[in-house]
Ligand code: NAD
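In structure tokens, the next block holds one chain alone, the form predicted on its own.
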């Protein structure tokens, strides 16, 4: 039995980004030195793809480099940059994909908690309430706008700051922001949600609420990708999938993808697709996933060509460090079921 936290408020609708100014003005309270930290995906730097009239001159705008998955060292660097202002911001806003949203969540947490971010990689390690934060996804599928996780790559592992304190206080779901996403990236990211649902439904850590959210999200994903595309409906499916996985846990696919990301530097959505494509023995909807890839002419390359045995070992070790997800998938005896050799066999197929 658990006491589950979800996002308190959300705007949904085309053009809803216009509500951000009012939200921030309310937090500023008329104080001339009150500033917000606005983390924007570097993809948008200089492109004027959306209005920034919510900004005030004193705000700190960070165009976050999402070329690679966010590292704990990068979070520490950005947190120190904010602290140079000498006072806490009234809000941290994240505008972008999953990496950008996770960066915003992590900064919000680290501004009020001592030490380095690597210290908080794990479950429920954050003690102090964070800075108020707003999430604005510009791509659908990660569920980062609704999860309690800020996924970070540390020196030894890829593992999130998993805490109720990581949950956004406010989310803005504006389908107009999705129109800039290239097709392949659009699919890779959306399939992250598809996999969240599959892992939530087939794991041990779920309940009637989790199942309801994941089943509905999965049904919507199938309608959208095998039928008619609807960006607003996709944002809703992503949100439901994010809530489902936040209320349960990921399973086999995500730990495998973490090994790929750490060693090969693959982006999360792409590495999820590469891993899920080889998991038909565990997940029945891999067949549907392959139908979707075929419909959108997405061909996944082999990524393990040229990988050394040493690199393969590192990937397997990184996978097996994710004890909670693997216990969710296999039960308490997971170490005797999902062995290092089994992990390496799966990786070799990718």
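Numbering follows the first chain given and starts at 1. Quick caveat: nothing in here was measured; it's all calculated off a predicted structure.
Omitted here: the form predicted in complex with the ligand. The next part is about that form.
Novice: Out of the stretches listed (261-269, 119-127, 79-87, 219-227), which one is close to the ligand in the predicted complex, meaning heavy atoms within 4.5 Å?
Specialist: Checking each option against the 4.5 Å cut-off leaves 261-269.
Novice: Would you check, heavy atoms only and a 4.5 Å threshold, whether residue 97 touches the ligand in the predicted complex?
Specialist: Yes, residue 97 lies within 4.5 Å of the ligand in the predicted complex.
Novice: Tell me, yes or no, whether residue 198 is in contact with the ligand in the predicted complex, where a contact means a heavy atom of each within 4.5 Å.
Specialist: No, residue 198 is distant from the partner.
Novice: Using the partner position in the predicted complex, report whether residue 28 sits within 4.5 Å of the ligand, counting heavy atoms only.
Specialist: No, residue 28 sits far enough from the ligand in the predicted complex that none of its heavy atoms falls within 4.5 Å.
Novice: Would residue 104 show up as a contact with the ligand in the predicted complex if we use heavy atoms at 4.5 Å?
Specialist: No, residue 104 sits far enough from the ligand in the predicted complex that none of its heavy atoms falls within 4.5 Å.
Novice: In the predicted complex, does every one of 13, 21 and 169 come within 4.5 Å of the ligand, counting any heavy atom?
Specialist: No: no residue has a heavy atom within 4.5 Å of the partner.
Novice: State the residue from 151, 273, 235, 75 whose non-hydrogen atoms include one within 4.5 Å of the ligand in the predicted complex.
Specialist: So the residue touching the ligand in the predicted complex, by this definition, is 151.
Novice: Can you work out which of 177, 92, 109, 252 has a heavy atom no more than 4.5 Å from the ligand in the predicted complex?
Specialist: Of the candidates 177, 92, 109, 252, 177 is the one lying within 4.5 Å of the ligand in the predicted complex.
Novice: Does any residue in 38-55 get within 4.5 Å of the ligand in the predicted complex, counting heavy atoms only, and if so which ones?
Specialist: Result: 41, 42, 43, 44.
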